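First, one chain by itself: the form predicted on its own, in C-alpha cells.
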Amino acid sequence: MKREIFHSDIGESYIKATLSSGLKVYILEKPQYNSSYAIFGTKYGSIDTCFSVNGDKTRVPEGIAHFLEHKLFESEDGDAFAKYAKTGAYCNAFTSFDRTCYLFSCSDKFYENLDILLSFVQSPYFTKETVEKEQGIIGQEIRMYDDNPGWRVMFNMLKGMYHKHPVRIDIAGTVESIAQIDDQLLYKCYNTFYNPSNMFICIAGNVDAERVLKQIKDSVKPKDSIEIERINEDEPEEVVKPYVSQKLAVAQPIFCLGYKEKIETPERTLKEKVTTALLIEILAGDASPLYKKLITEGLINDEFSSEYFNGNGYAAVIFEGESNDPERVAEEIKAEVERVKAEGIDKKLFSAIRCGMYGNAIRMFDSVDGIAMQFVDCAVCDTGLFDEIKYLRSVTVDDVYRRLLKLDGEKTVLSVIKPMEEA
C-alpha cells in the first residue's frame, strides 16, 4: 500500500508505503538538494526488557538492545563501517529508550549506500567469541558514562523518579547485566524485534522515490509478521525520593528537575506532546518571565533547557542546566508553575511562542536529517509528518492551561551533580 501525502500550505509532500512484509517506508524527495539521509530502524529500545510473543514470555538482561546495535555492524563479509568508508558516506547508529536506528548520509552513491544499509541490518552474525569481545568494549563505554556528569544527572533523576519502569536503567545497561548476554539471546531479540512488521525505513533528500521503493522491496527478506507484547510492571504514582546528589569533576553544579506524570494511557498523543512543548516554553523558554529572572539573578546560564520526556509507560517534564544554587532554581521553577496556575497563562506570550514554534516546524523541512528523524517519530508513534503543524494551529490557551494543571509539585525529583571539592 502506497500513498502520497501533500500539504498545500507549505508545498511539501511525501510518500508513505507499507510493504507486504509490514515494513513502513517514508520518503520525501528533495531534488534540489545535494545530500540525502536514510534511516533503517526498529521499534526496540532499552525499556524492552520483558516481552511476550505467542504467549512465550521472555525477560532479557538490561542493555541488550544497545549491545545488539553494536554487534549488527559486524558480518561474515566485513564491517559495515569499512564499506561506508569506501563510498565516502557518513554512517552511525543509536539506541534510545524505545527505538534502535542505523543511518547514513551522503552526497553521492546513495543507492550503493542504501544497499549496504539494507544488507547489514538484515544480516546478523554473532558468535560466542565476538560477543565476549564486545562485552569488554561496552563495559568500557558504561564506565565512561558513569563519569559523564550530563549523563549521570539525568539517570540519577530517573532512578529517583521511577520505582520499577526500566526507563530508570542506563540504556547501555550495567557491566553485570551485559555479562549475561550471549549469542543465543542476541539472536532471539533480533528475530523478535528486527521483524519487518516492527521496522521502518525513513529517507529524505535527492532521491527517486520509485527507485528507492523498488530497491527496498527487492532487498527486504520475507518473514512472517509477529505480534509483540511489551510487558511492564505497574509503576507507582509517587517518586522514589525527591532529591538525589552525586559528586563528580564539574566546575559548577549541574541539575535536572523532573515532574513525574500520572500515566493514564501507555503513550502520549501527539496533541499532548505539542501542548506540553508549548507549556514548557511558556513556563521557562527564552521569552518567559522566569527565564529572564533566573538569568538576571545569575542563577542559570545559556545551558538551561527543558523537554517533555515521554514514552511507553513513562512521562516527565524536565528542566536542566548549570547553577551555583540548583536548589534555589528548582524552587523558582516550582513557584512559577504555581503562579501561572493561579494567575492564568499570558495570552500574548502564548501567541508569540506558538508562532515561533510553528515557524520552527516549517523550517525543519529545509533539513534532510531533520525530516528523516521526524519520520522516525512518525513510524514509532504512528503519526503523520504534517500533524505537528496541524496541532500547532489548533491548540488553544485553554488546552495549555489544562495541561499545566497536571503538573504536581509533590511529584518532583531534583538531581544535582556537585563539584568534587564541595562538601
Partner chain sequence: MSVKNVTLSSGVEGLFIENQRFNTTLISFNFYMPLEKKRVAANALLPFILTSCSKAYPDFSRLNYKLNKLYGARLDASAEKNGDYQLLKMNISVINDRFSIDGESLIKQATDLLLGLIFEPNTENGAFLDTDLEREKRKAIEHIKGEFSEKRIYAKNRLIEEMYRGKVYGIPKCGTVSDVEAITGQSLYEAWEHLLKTAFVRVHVVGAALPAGLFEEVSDRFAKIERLDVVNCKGSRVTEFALEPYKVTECDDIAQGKLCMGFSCEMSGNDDESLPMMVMSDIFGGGPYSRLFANVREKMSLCYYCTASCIRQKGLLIVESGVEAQNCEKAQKEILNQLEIVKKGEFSDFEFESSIKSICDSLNTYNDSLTSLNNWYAIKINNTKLYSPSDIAEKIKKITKQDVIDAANGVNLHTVYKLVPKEVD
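This structure is a prediction, so every number in the text was calculated from the model and none was measured. Positions refer to the first chain, counted from 1.
Note that the form predicted together with the partner chain isn't included here; everything after this is about it.
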query = Just one of Asp224, Asp77, Asp147, Glu227 has a heavy atom within 4.5 Å of the partner chain in the predicted bound form. Which one?
reply = Asp147
remark   = Checked Thr127, Gln246, Gln180, Asn324 for heavy atoms within 4.5 Å of the partner chain in the predicted bound form; positive is Asn324
task = May I ask you to state whether Ser107 is within 4.5 Å of the partner chain in the predicted bound form, using heavy atom distances?
result = yes
ask   = At the 4.5 Å heavy atom threshold, is Met420 in contact with the partner chain in the predicted bound form?
value = yes
key: Residue contact check: Val53 to the partner chain in the predicted bound form, 4.5 Å heavy atom   = no
query = Are any of the heavy atoms in Gly384 no more than 4.5 Å from a heavy atom of the partner chain in the predicted bound form?
reply = no
note = Only one of 310 to 318, 155 to 163, 99 to 107, 330 to 338 sits within 4.5 Å of the partner chain in the predicted bound form by heavy atom distance, namely 99 to 107
ask   = So in the predicted bound form, are Ser21, Ile171 and Phe193 all sitting within 4.5 Å of the partner chain, heavy atoms only?
value = no
request  = Note that the partner chain is not shown here; using its position in the predicted bound form, name the residues of 344 to 365 with a heavy atom within 4.5 Å of it, in sequence order.
outcome  = Lys348, Leu349, Ser351, Ala352, Ile353, Cys355, Gly356, Tyr358, Gly359, Asn360, Ile362, Arg363, Phe365
